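We begin with a single chain expressed as structure tokens, specifically the form predicted alone.
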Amino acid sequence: MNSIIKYLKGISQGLNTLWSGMKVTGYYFFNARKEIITVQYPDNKDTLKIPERFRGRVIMVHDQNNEHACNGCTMCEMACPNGSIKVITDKVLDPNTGKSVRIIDQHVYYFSMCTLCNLCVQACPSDALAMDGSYENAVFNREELTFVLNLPGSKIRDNVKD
């Protein structure tokens, strides 16, 4: 007799939880939003508004003179949790001072390994890196997801500290 009572209590509890879930579902069914909330992508690509906090690809910010603020300190490379950034530097002799100066040979970014965590941008002391708003990154070949961030012929700005 005790097992029958336990069985009926279990059914009662199950029906009670089913009813409480159905109340929530019924509330949202009858009190749904009246405005359209579905985004008709790709029909509205021209009017699509990307939020400012959206994290797309990492880019190196260049000005109109093809100058950037990256001094090759490799802080972004050290901050990256999975090694998706590689900074290749070189030492050259500065003709003005006669001292050896570090320059960037290549700033390589492997987007296929990136988790879009934004740690590289936050770690950069000279604000040379930023996240852009690109969201269509599908390719057929993974090699197309490797980018050299410093543009050809670019150089460091004069007011950036080493």
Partner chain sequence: MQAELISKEGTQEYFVNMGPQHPSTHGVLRLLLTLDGEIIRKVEPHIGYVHRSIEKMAEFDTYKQIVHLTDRLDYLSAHMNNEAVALLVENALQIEVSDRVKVIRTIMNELTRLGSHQLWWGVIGMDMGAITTFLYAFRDRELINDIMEETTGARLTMNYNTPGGLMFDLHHNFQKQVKDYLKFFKTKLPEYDQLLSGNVIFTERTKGVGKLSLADAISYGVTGPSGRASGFSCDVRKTQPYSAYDRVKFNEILMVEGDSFARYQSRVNEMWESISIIEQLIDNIPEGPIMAPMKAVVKLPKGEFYQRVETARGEFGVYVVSDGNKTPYRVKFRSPGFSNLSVLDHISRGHKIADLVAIMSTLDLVIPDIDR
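Residue numbers count along the first chain shown, from 1. We call the rigid core the largest set of C-alpha positions that still match within 1.5 Å between the two forms. Only a predicted model underlies this, so the values are computations on that prediction, with no experimental measurement involved.
Beyond the structure shown, there is the form predicted in complex with the partner chain, which is absent from this document and is the topic of what follows.
Counting any heavy atom within 4.5 Å as contact, can you tell me which stretch out of 103 to 111, 61 to 69, 90 to 98, 48 to 56 lines the partner chain in the predicted bound form?
In short, 48 to 56.
Spell out, yes or no, whether the shortest heavy atom distance between Ser134 and the partner chain in the predicted bound form is within 4.5 Å.
The answer is no: Ser134 has no heavy atom within 4.5 Å of the partner chain.
Is Val24 close to the partner chain in the predicted bound form, meaning a heavy atom pair under 4.5 Å apart or at it?
Within the cut-off, so yes.
Quick one: is Cys117 in contact with the partner chain in the predicted bound form, heavy atoms, 4.5 Å cut-off?
Cys117: yes, in contact with the partner chain in the predicted bound form.
Using a 4.5 angstroms cut-off on non-hydrogen atoms, would Gln122 count as touching the partner chain in the predicted bound form?
Judged by the heavy-atom cut-off of 4.5 Å, Gln122 is in contact with the partner chain in the predicted bound form.
Within 4.5 Å of the partner chain in the predicted bound form, counting any non-hydrogen atom, which residues from 12 to 29 show up?
In sequence order, Gln13, Gly14, Thr17, Ser20, Gly21, Val24, Thr25, Tyr28 come within 4.5 Å of the partner.
For Thr146, does the CA position differ by 2 Å or more between this form and the one not shown when the superposition is done on the rigid core?
For Thr146, whose C-alpha is compared between this form and the one not shown after core superposition, the shift is less than 2 Å.
Core-aligned, does Gly26 move its Cα 2 Å or more between this form and the one not shown?
Yes, because once the rigid core is superposed, the C-alpha of Gly26 moves 2 Å or more between this form and the one not shown.
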